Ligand code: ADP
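Given as structure tokens, the chain that follows is alone and in the form predicted on its own.
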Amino acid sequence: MNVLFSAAEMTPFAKAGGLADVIGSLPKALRRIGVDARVVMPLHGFIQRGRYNIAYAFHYQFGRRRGVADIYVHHTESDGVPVYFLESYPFFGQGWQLYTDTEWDKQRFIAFSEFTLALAWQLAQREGWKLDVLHVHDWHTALGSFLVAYSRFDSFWQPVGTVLTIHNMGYQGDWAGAALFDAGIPTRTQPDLLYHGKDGNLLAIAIAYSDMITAVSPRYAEEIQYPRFGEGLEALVRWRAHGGDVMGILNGLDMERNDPATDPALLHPFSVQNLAPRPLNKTALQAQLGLPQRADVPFIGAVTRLTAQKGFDLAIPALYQLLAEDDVQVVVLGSGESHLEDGLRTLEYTYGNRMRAVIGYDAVLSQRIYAASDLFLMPSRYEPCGTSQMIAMRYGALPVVRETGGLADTVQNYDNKDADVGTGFVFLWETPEAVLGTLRWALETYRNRSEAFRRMQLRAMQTDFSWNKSAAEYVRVYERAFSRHRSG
């Protein structure tokens, strides 16, 4: 089966969040089980062509409402996955930002969806690679599902199945009607879409027109059918779910890239078979950050975007009280909303001998935080899947998480006994008190139930978060999408 992934970002070329990690690892897993999965993404201006051996492949033109666009296709392979980069002035090829102004991004990604379908046709003509399933991701490439549905009168597109994966319902590409009209996109006439007044919402269009829809965890697939997390599209999702067209498939983790035994970022590699070097990563990171070097002190880490979604407005008051009353060290790496950045800076100023706020992103530092931390804090209000908790567990840091989305699907709550059950500490209420109380519970376990803590640590490190099971589930989704248009 031939599957084309259409996405805005992909590790290692361009990354803003977990979407890039999925696109960087799922196609590789699919190819291992016989799916010819390929990726198309924009050639963002900051992508280092020489570093990744990205070479010019061919050029084609595409007629649009306002003229003819020249599209230059560039190509490379990433872990054996063919990747195509589309360059077209003024949409892609220049600039140093992955995402820009929202209104301009709508125009850019509407064009990208059109160019993607044209690329699929070009690949069939030039390479004999005939598309079976188009797999679109989030609102940026969601329009592709509608364009395929609209084009089924053509024998080339008639058998093609479409799959939408929702990585985060909070971002939808709404109010795109004017941009769609300006680009000459045909009218969307699906009745449920029109009834809810969402024919200008790019994500809603894909929910209405895709053959199959997946969310990035089973729990999130349920949550988005209701108002709290459906973000205004819950009725559309619920309608598709009633037809059996919505599935929750847990994101996997690239277990090769995230391996504490071989991670080049770590000064002291370790494994589940040899945990002895792990504490050295704590003292090494303490030295790097200018904190007192103490192997005995509980170390709490976080690597996060600082947004309302991630719950750090709940965490900061809890950390104030915890640092005032307890002997712990805390490091938070992240960036985002200015008031949360300022809150962490103030926290560091107040407790500078035990707290570090590193504003920004540092790939090497993030891996060292995973390896050094005893506890890893993720107090998210919602988390479609999340990969940080998986990496933390693989590196032996027990997550402290809110019971939502993929966090609920991946972190097993401690049984508060001998740890016959548990890989972390879970709370439900969205309050600073819940964060503080759960951190105190985790610290009490670390100090006074060390054997139970170690049992959970080993269980967490041995949890299989590989893509093997999820890739097989995606194959079944592709087969269902493709079979809907199979003649005979």
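Note that residue numbering follows the sequence shown and begins at 1. This structure is a prediction, so every number in the text was calculated from the model and none was measured.
Below, we turn to the form predicted together with this ligand, even though it does not appear here.
Inset, instruction - Could you tell me which stretch in 226-234, 94-102, 306-314, 283-291 has residues with non-hydrogen atoms within 4.5 Å of this ligand in the model of the complex? - result: After filtering at 4.5 Å, what remains is 306-314.
Inset, instruction - Work out which of 243, 191, 360, 128 lies within 4.5 Å of this ligand in the model of the complex, going by heavy atoms. - result: Of 243, 191, 360, 128, the residue with a heavy atom within 4.5 Å of this ligand in the model of the complex is 360.
Legend entry - Sole residue of 344, 319, 391, 147 within 4.5 Å of this ligand in the model of the complex, by heavy atom: Among 344, 319, 391, 147, a heavy atom within 4.5 Å of this ligand in the model of the complex occurs only for 391.
Legend entry - Output flag, 17, 333 and 366 jointly within 4.5 Å of this ligand in the model of the complex, heavy atom basis: The answer is yes; 17, 333 and 366 each reach this ligand.
Inset, instruction - May I ask you to state whether residue 162 is within 4.5 Å of this ligand in the model of the complex, using heavy atom distances? - result: Close contact is absent here: in the model of the complex, residue 162 is far from this ligand, nothing within 4.5 Å, heavy atoms only.
Inset, instruction - Would you check, heavy atoms only and a 4.5 Å threshold, whether residue 414 touches this ligand in the model of the complex? - result: Looking in the model of the complex, residue contacts with this ligand do not include residue 414, since no heavy atom lies within 4.5 Å.
Inset, instruction - Look up in the model of the complex whether residue 386 has a non-hydrogen atom within 4.5 angstroms of this ligand, and give yes or no. - result: Residue 386: contacts this ligand in the model of the complex.
Inset, instruction - Report whether the minimum heavy atom distance between residue 340 and this ligand in the model of the complex is within 4.5 Å. - result: Although this ligand is absent here, residue 340 would stay clear of it in the model of the complex, with no heavy atoms inside 4.5 Å.
Legend entry - Contacts with this ligand in the model of the complex - residues in 418-453 whose heavy atoms fall within 4.5 Å: Contacting residues: none.
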